[in-house]
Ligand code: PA5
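What follows is one chain in structure tokens, specifically the form predicted alone.
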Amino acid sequence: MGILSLAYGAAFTDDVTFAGLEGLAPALKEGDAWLRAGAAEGKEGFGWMNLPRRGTDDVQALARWLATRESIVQVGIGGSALGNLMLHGALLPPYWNEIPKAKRGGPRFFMADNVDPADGRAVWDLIDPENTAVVVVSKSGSTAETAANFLFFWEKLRDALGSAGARERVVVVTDKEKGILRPFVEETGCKSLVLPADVGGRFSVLSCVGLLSAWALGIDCGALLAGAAEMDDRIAGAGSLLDNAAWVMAGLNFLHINKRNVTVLMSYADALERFGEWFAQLWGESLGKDGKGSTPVRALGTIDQHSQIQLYTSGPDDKLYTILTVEGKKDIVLPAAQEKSFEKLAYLHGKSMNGLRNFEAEATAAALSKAGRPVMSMSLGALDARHLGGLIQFFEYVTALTGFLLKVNPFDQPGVERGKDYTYGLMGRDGFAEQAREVEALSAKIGERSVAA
């Protein structure tokens, strides 16, 4: 049984044709060979393709220790945060931290990503430092937001438990040799894992970055990795373009991108809301370069039918849509209403919530198609570790392959680095004075005209 299916008959328009898709077959094959050669050669950025088959003994050992804690606080941002939240949101019960400990069976989890002092203080007030682990994830250790949050929690731990006690409760995930955090590990002797040098942050969820907390919280990461490996085998073993859902999806995104430079992923499962956020970073940072790319928009069905569908069906024709549904979810059958005032709701009697949601997804796709908007429908066989692992590998591959078709490097992020350098300059970091002067000049230009309300 496969992991997912993709229906794309309504993705063609006057300017994007089936013949045009078929014509991309040689380029897609070349892109696949490029990705697999880069992974085999250990090139920087390509290592995510190997993650489903890399050893994880060190991650599992440390996860077993983490699982004994009452709480885990992970400090990271971007790829060092979104993947964890995506895994937990998809595979753990809703309101995880609110479930009683005996029923939950794993630690509470808190993410310290943004630099909002109210959030940092709130997390600290909710945890017992004696029985908490702080996991800091950063390849360089110098990302301003991560550094600021870690300095806050490190000081709080040290003040509460002393240096030795704080050290015993910290896990560092960072580069093997480079960056600020590796010397910290050597100085303090705290626990640590190596962040793979050939894997970029937004592609790192199936490395120790995402797996450590997931394993500690009871997620079956073995099945997650097996699903990712299975998906890679399916992509590699597809005989032709029309047998390869990943090639079809990459090809259609590429063909639409000049006229429709917005791609909407609308998931019909609350548990996949964080998947949309993870996808938005993956797609936006990987492809938005050299004036190319498309803007990712995450939407959640059925909620966003009541906030965005008006725009999608009747606004500008600048978007490509993917409707994502899940089969086999637990269900609620709707009861018959006893009150006479509810007579007009009798059509719901005996129907299920999942049935309603799936009909809504079908109706949304049909409404988009009726309006002449290109839409694809993707169905995930189930929402479990195996299927989610396959879905992750699928979208990472589609993103990288689309980058190849666009002739951009999907593994760098020059726009992000510029913003980081400007922040370093404003904060007074050594070696970034020139960047501070650039920001001052640009800020002066921005402020040439202003108005108050």
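Worth saying up front: this structure is predicted, and the values here are computed from it rather than measured. Residue positions are given as counts along the sequence shown, with the first one as 1.
Heads up, the form predicted in complex with the named molecule isn't pictured, but that's what we're talking about next.
Looking at 364-372, 105-113, 279-287, 295-303, the stretch with residues near the named molecule in the predicted complex, meaning non-hydrogen atoms within 4.5 angstroms, turns out to be 279-287. Taking the partner from the other structure, the named molecule in the predicted complex has a heavy atom within 4.5 Å of a heavy atom of residue 413.
Contact annotation: residue 308 falls outside 4.5 Å of the named molecule in the predicted complex, judged by heavy atom distances.
Although the partner is absent here, residue 201 lies within 4.5 Å of the named molecule in the predicted complex, judged by heavy atoms. The named molecule in the predicted complex is approached by residue 139, whose closest heavy atom lies within 4.5 angstroms of it. Between the named molecule and the residues 166, 383, 77, 92, the one pair within 4.5 Å by heavy atoms in the predicted complex involves 77. For the options 325, 143, 192, 244, the one in contact with the named molecule in the predicted complex, meaning a heavy atom within 4.5 Å, is 143.
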